[in-house]
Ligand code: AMP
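Shown below, as structure tokens, is a lone chain in the form predicted alone; questions about how it binds or moves come after it.
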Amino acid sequence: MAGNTGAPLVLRLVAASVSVAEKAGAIVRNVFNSGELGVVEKDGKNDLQTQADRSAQECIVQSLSRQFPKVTIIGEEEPTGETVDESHLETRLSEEVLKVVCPQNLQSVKDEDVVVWVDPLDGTKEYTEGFLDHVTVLIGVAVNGKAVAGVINQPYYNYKAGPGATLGRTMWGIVGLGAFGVERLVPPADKRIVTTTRSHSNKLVTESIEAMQPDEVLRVGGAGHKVLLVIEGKAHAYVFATPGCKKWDTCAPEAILHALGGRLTDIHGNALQYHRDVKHPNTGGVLATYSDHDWYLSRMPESVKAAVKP
């Protein structure tokens, strides 16, 4: 349990989140295997919720809130008000995380300084359509409004390897320490690859992508998945010049990307804020890069920047 270790709060939170994210990833797979997805529309056909979203959020929020009752936890899904399914709870802490030394600037963080941002199933539309490699479970840790740590579980990592393959992977990172479970790879030097939304495109998104003059555009689901494409060298930049993304979509991926030396801002170059009382939408859009962040900012059309206010 969380109270049995003298490790700093941030380290214990990340250690708990790694175990919880793995449990949530297993729930996501189990719901899919059951064939009973329980799909409901939240705000139109491109904003869906499934039983996996609801159960995975219960797993994450209830598990963390029991261990860290004074920490603010904000999840994408509205609480159901139903009795907690005790089988969804996870109390273990990742020993791998507890072995590392917490960065000096995060060693004395207090509960009231922390907000945990949770997307229990990022890429729900893709999940319902069988694009399973787009799906991630995201748990981001913010301190005084800044993303400082993140955990990403990919429930279906390796799912195309055939029957009997081990599914899923979990990666985590802390700014100032580095990231684990994922390797930062260099994207191709001879061309420019940009990733963007698969199902939430509009005129502003199209104009901003064209301004980057990419050789290839990867249109995929899930903000977590798109940032992973940047981290793993499959794309040079993730460009999303519209307000559709939320804080729970970006907190965990931003922290891991920053821990590896990449950068994530809005399309004006402003840092995203993750205070407990901040508005949930990233109204200024999202730009995540492996490198050359300022170049991508400089290419953003003025007409798009005028339309997408921070």
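Owing to the predicted nature of the structure, the values given are computational and were not obtained by experimental measurement. One rule holds for the numbers: they count along the sequence shown, beginning at 1.
Below, we refer to the form predicted together with ligand AMP, which is not included among the displayed structures.
Contact annotation: ligand AMP lies within 4.5 Å of heavy atoms from the stretch 116-124 in the model of the complex, the single such stretch among 116-124, 184-192, 161-169, 145-153.
Residue-level contacts in the model of the complex: of Ile267, Leu264, Cys245, Val31, one residue has a heavy atom within 4.5 Å of ligand AMP, and it is Cys245. Heavy atoms of Thr72 never reach within 4.5 Å of ligand AMP in the model of the complex, leaving it off the interface.
Using a 4.5 Å cutoff between non-hydrogen atoms, Thr197 counts as a contact of ligand AMP in the model of the complex. Remark: Glu254 does not count among the residues lining ligand AMP in the model of the complex, judged by a heavy atom distance of 4.5 Å or less. Ligand AMP is not drawn, but in the model of the complex it has a heavy atom within 4.5 Å of Ala223.
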